[in-house]
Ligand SMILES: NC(=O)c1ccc[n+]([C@@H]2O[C@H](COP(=O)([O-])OP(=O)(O)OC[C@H]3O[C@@H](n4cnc5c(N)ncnc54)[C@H](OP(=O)(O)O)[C@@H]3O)[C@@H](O)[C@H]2O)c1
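What follows is a single chain, given as structure tokens, in the form predicted on its own.
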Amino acid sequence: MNPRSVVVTGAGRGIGRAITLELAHAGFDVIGTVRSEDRGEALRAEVAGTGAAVRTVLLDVADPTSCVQAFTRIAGMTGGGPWAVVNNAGFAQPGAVEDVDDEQVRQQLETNLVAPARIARLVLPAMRDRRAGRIVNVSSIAGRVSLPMLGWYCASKRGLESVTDALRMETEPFGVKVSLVEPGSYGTGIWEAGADLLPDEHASAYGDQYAAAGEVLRGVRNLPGPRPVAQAVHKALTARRPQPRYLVGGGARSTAVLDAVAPTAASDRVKQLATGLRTAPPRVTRALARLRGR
């Protein structure tokens, strides 16, 4: 076993790509999982262009057979199994709770919640035998703070946080350290991709909100890059005593605090206003208009 071998799932883009670059440059033997040969080739070329290296393996985390095949191959590549796994692969299914059908719900939970647990199940026997290993699960501020129109995504991340907490306590006696990384909003492509998954606005009571949300999601351009998330993962892998949770970004920290201390009714109202489920009182709208005009 290479003591510096780390598997990063969903390494082909967004946060996964940032984590792969960060760890490769820090000297880790990074194995990035991707869903296609083309994406793997592009990732290897990008990392090589920065003076580092990465190996890739094909993996669909939502497919149990693919997981077994990929981690069997990875065990051969690492002399028995990786030292660490970063469960990053995921997607965001938008839509009101009543508009997301059962199959979409299953796919959301399978990818964001069941798959990280499945992967932990595949790597933990070797980690326990070595009495060493780390698992880092990438969640989201949405795992702490539920938002309208993202209920099932929030549910998948809230579930991941609960499972991660249990896993951390279960594996600690065996020398395996488990951490959770909770990013705020970063420019990763997840929200632009989510726009294509919005329910049909013409067949929903929430059509106006979907039309507005689609424009916002497809127009996301000014979010910061995801390197702070990659740096948090690096800390979780290198700290002698890693933190149970790494909340990443000022926006995530302030959102978590405000949601925890604000009355539920007030928090609900702010989230409804933010997503267009409610409109601000006329006097507030006029005041905002005056501020924008300055």
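This is a predicted model, so every value here is computed, not measured. In case it trips you up, residue 1 is the first one in the sequence shown, and so on.
Beyond what is shown, the protein has a form predicted in complex with this ligand; the following relates to that form.
task = Find the only residue in 78, 93, 179, 111 having a heavy atom within 4.5 Å of this ligand in the model of the complex.
result = Checked against the cut-off, the match is 111.
request  = Would you mind picking the one in 245, 55, 234, 39 that has a heavy atom within 4.5 Å of this ligand in the model of the complex?
outcome  = Among 245, 55, 234, 39, a heavy atom within 4.5 Å of this ligand in the model of the complex occurs only for 39.
query = Is there any non-hydrogen atom of residue 88 lying within 4.5 Å of this ligand in the model of the complex?
reply = Yes, residue 88 lies within 4.5 Å of this ligand in the model of the complex.
inquiry  = When the contact criterion is heavy atoms within 4.5 Å, does residue 139 count as touching this ligand in the model of the complex?
reply    = Yes, residue 139 lies within 4.5 Å of this ligand in the model of the complex.
request  = Examine residue 184 and determine whether its closest non-hydrogen atom to this ligand in the model of the complex is within 4.5 angstroms.
outcome  = Result yes; residue 184 sits at the interface with this ligand in the model of the complex.
key: Partner proximity in the model of the complex: residue 190 to this ligand, non-hydrogen atom cutoff 4.5 Å   = Flag for residue 190 set to yes.
message = 24, 134 and 228 - do all three of these have some heavy atom no more than 4.5 Å from this ligand in the model of the complex?
response = No, the candidate spot makes no contact with this ligand.
query = Out of 264-272, 237-245, 41-49, 60-68, where are the residues with a heavy atom within 4.5 Å of this ligand in the model of the complex?
reply = Residues of 60-68 come within 4.5 Å of the partner.
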